[in-house]
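Encoded as structure tokens, the following chain is the form predicted on its own, with no partner shown.
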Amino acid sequence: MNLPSSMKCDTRLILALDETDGAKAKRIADEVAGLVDAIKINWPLVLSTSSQTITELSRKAPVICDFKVADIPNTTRLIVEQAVAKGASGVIVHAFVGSDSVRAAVEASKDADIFVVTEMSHPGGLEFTQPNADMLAKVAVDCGAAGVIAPATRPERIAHIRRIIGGLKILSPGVGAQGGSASDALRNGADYIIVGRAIYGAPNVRKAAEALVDEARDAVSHK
């Protein structure tokens, strides 16, 4: 049975905070307060600081741990449990390791969300994830994940994945530096856009986030 996502959907914007400077990351999180539905963090920030960063950022906004977990069920369970214990509201996992591992993630997530990668947003995503995206999306549905990851760089693929997953949430990375369009992603079925460098690398972080929120709201209102 599919689990509903617990994430709010106010601005449709998720910040990918791919910084390695902990103090800077927290400043950026403060600057976008109220403008993002969640903050996505990856291994570089956690490894350059500590897992306590998850807890600290979770006090500012819901945190999605983009750990792209790809391991046997027991190890997957342990990683998800620890991320959630530190305050994560969501964890991103890979499905190519098998449905048993994805199911272990869902079972370990408690009230947090599990998001399954269906297709990567970079050019290499065409090599392995796109040819198998249908199967990976079906694993997400069958295992009760809250949602999936589908690429803003190829918005037609978002529409395709939407037809497979039904009402699960779609988080779409690749907007901004990778060339994806927030409007195109949302109009093709994404629930959220994930944006990193176009926000945290901007001269005015809050202004950049505000512009994306405005674009997102316009796109949703004209769907």
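Here the structure is a predicted model, which means the values were calculated and not measured. Start at 1 with the first residue shown and count on from there.
Beyond the structure shown, there is the form predicted in complex with a further copy of the same chain, which is absent from this document and is the topic of what follows.
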Indicate whether the candidate residues Leu15, Thr55 and Arg59 are all in contact with a further copy of the same chain in the predicted complex, with contact defined as any heavy atom within 4.5 Å. no
Does Ser89 make contact with a further copy of the same chain in the predicted complex, using a 4.5 Å heavy atom cut-off? no
Answer with yes or no whether Val46 is in contact with a further copy of the same chain in the predicted complex, where contact means some heavy atom within 4.5 Å. yes
Answer for Lys68 alone: is it within 4.5 Å of a further copy of the same chain in the predicted complex, judged on heavy atom distances? yes
If you check in the predicted complex, is Leu136 within 4.5 Å of a further copy of the same chain, heavy atoms only? yes
Tell me, please, which stretch of 164 to 172, 22 to 30, 185 to 193, 35 to 43 lies within 4.5 angstroms of a further copy of the same chain in the predicted complex when heavy atoms are compared? 35 to 43
Are there residues in 87 to 105 with a heavy atom within 4.5 Å of a further copy of the same chain in the predicted complex, and which are they, in order? His94, Ala95, Phe96, Val97, Gly98, Ser99, Asp100, Ser101
